[in-house]
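This document opens with one chain alone, in C-alpha cells, the form predicted on its own.
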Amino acid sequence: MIELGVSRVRIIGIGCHPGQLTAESRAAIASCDYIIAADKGPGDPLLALRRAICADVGVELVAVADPPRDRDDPADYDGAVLDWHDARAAAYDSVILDRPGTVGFLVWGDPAFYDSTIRVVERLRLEYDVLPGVSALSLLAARHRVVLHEVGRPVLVTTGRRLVAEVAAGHDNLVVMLDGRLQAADLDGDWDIWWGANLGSPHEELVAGRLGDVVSSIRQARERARDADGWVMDTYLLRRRR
C-alpha cells in the first residue's frame, strides 16, 4: 500500500450530468494533478462524460480498466462486492504509486448514495476529502415536485435487490435505486410511483401515477433512455396508497 502522505485523494461528486457540476466541485477538479476513472470497456458512455468534464476543466484523465465483478446474484453478494472493491483499490494503487500528487475521482451523482468510491479509497490509506454532488434523489424529488417523505414519517432508501424484503418488513415509503429489473412491478397492493431515468440529462424520462397503470410506460421510457444515452440509471419513489 501507499505510505501516508505521499499523495492526496479528492472524491468529487459531479451530479447526474455535466451541467450540474457545482462551482465547488469544479474547483476541486482543477486542484487535482490528474483524475482516475474506471474504464468499463469500449464505448463506455460515462467514461466519455468524465473525459469531457476533465477536458473542459483542463485536467488529465487516466483511465484504468475496471476489474470484473460477479453480478449474477452470487450466493455471497457482500463477499463478491468486497472482492471487487479490493481489486479496484489494487488497480488504482498501481497508478498512484507511479504518479504521486493530488488525484481525483469523479463520482456520478453524490458519493454518499450507493457508490463504492469512498470505500475503495479507504483501502488506499491516503488522506482524502469528499465533495458532495447533486444526487439522483434530489433530482427525482425536484422533477416530480414532491417531498420524499410524508409529514412526520420516514423514507427508506434502498436498492431493487432488497425491495421485496423491505416491503415485507413493513416499509411503505421507499426511494429505490439500482433496480434494472423494475422489481416494483411484482409487488402486491396499491402503490403510487414517481419514476425517473437519466435524470439531469437532455434525454431524461419521467413517469408518475398508480403503479399498476404505468408499469408499461416505465418500461418503454427505460428503452428510450437507453437508446438516447447508451445507459439507464433510474430512481423512483414508491409509496403505498392509504
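Note that residue numbering begins at 1 and tracks the sequence as displayed. No experiment lies behind these values; they were computed from the predicted model shown.
There is another form of this protein, the form predicted together with another copy of the chain, and it is not shown here; the text below is about that form.
Give a yes or no on whether each residue among D44, A63 and A91 has a heavy atom within 4.5 Å of another copy of the chain in the model of the complex.
No, the whole trio is out of contact, none within 4.5 Å by any heavy atom.
Of V164, A87, L97, A112, which residue is found within 4.5 angstroms of another copy of the chain in the model of the complex when only non-hydrogen atoms are counted?
That would be A112.
Check whether G133 has any heavy atom within 4.5 Å of a heavy atom of another copy of the chain in the model of the complex, and answer yes or no.
Contact check for G133: yes, within 4.5 Å of another copy of the chain in the model of the complex.
Contact with another copy of the chain in the model of the complex for D76, defined as at least one heavy atom pair within 4.5 Å: yes or no?
No, D76 is distant from the partner.
Hey, in the model of the complex, is E24 touching another copy of the chain, heavy atoms inside 4.5 Å?
Result yes; E24 sits at the interface with another copy of the chain in the model of the complex.
Is the gap between R10 and another copy of the chain in the model of the complex 4.5 Å or less for some heavy atom pair?
Taking the distances in the model of the complex, the answer for R10 is no, it never comes within 4.5 Å of another copy of the chain.
Could you pull out the residues of 113 to 130 that have any heavy atom within 4.5 Å of another copy of the chain in the model of the complex?
Result: F113, Y114, D115, I118, R119, E122, Y128, D129, V130.
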